[in-house]
Ligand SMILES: Nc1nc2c(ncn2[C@@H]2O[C@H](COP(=O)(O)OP(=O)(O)OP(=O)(O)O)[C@@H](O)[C@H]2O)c(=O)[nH]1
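What follows is a single chain, given as structure tokens, in the form predicted on its own.
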Amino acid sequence: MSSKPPKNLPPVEPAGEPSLRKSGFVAIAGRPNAGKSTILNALLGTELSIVTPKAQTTRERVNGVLTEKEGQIVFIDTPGIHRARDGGINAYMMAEVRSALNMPDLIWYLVDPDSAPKHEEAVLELLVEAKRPVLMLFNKNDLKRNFGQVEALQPEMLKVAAERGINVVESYRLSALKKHGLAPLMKKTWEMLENGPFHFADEDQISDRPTRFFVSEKIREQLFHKLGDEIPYACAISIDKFQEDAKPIRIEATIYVERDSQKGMVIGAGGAKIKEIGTFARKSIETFLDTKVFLGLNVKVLKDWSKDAERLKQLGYDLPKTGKKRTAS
């Protein structure tokens, strides 16, 4: 994907000649709703990862590529870390996190001011396993009510991390939403990365994901905005047709749900809800692609897809091998 968004950070002095520019991977990790996708979008200047008020919106890791005078960073936006049961979509999400944390040069660990060390156990365990240097980021610092909470939480979290042997190099207070405090964080990040070849030769490229993936995510984003608390988690998107040579671009997609009752809720009385979802999703896709599109949506039932390994694979979520026999549904 090649679209050069505007940059939102103050310029930093160049690190050297092009042959000596920095290069590396930075994983963005934390609990659900800590602000991981928000900070990635702020840095890239575009809505690459979907953001909603609901927890666990992100299901798959998303690579965002930032190329500046200093070099190139591949940011890995990960699903929110939580305790996942064996099997199902939650296990897939945690496998995505583990894979992402095994490869980076550096981890940004986002912490919500409303959290506490006991709520961060699942994240801390993965950071211990990862054995990577960490920058601990206390997000949402734009809210006055959070000032006192961070004052108390920051030393607690640093102490707990040190006791577990996690290499926290520095900690920062910032607001991903308001883009406050990002410049010092980026300065330190560039300092910590080594000189090396770029992973993406096209310096305008902002992700390695295909356009179809982002289109499906824009549709899924509207399910979180327009439906109740539970239904969006039971939905998955399949892009059935993507005709780039059509004018406008023609996109047809299927929204899969797990039960007939959910299908009715997504469609709504007289088709009103699916029409609303389609309208907002189309506008979001048009903004992202910077062109007009036709969007057609269909709704189908794929019974218990979020718990069934074969149906998950059909929808693009390939579960890790656990050695356990899957119970047929």
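Since this is a predicted model, take the numbers as computed values, not measurements. Numbers follow the displayed sequence, beginning with 1.
Here the subject shifts to the form predicted in complex with this ligand, a form of this protein not shown in this document.
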Answer yes if any heavy atom of residue 139 is within 4.5 Å of a heavy atom of this ligand in the predicted bound form; otherwise answer no.
yes
Wondering, does residue 32 line up within 4.5 Å of this ligand in the predicted bound form on heavy atoms?
yes
Check residue 143 for me: does it contact this ligand in the predicted bound form (non-hydrogen atoms, 4.5 angstroms)?
yes
Contact of residue 263 with this ligand in the predicted bound form (heavy atom, 4.5 Å)
no
Note which of 273, 69, 54, 283 lies within 4.5 Å of this ligand in the predicted bound form, where distance is taken over heavy atoms; exactly one does.
54
Select from the listed residues 76, 255, 73, 176 the one whose heavy atoms reach within 4.5 Å of this ligand in the predicted bound form.
176
For the chain seen here without its partner, which of 287-295, 37-45, 265-273, 300-308 has a heavy atom within 4.5 Å of this ligand in the predicted bound form?
37-45
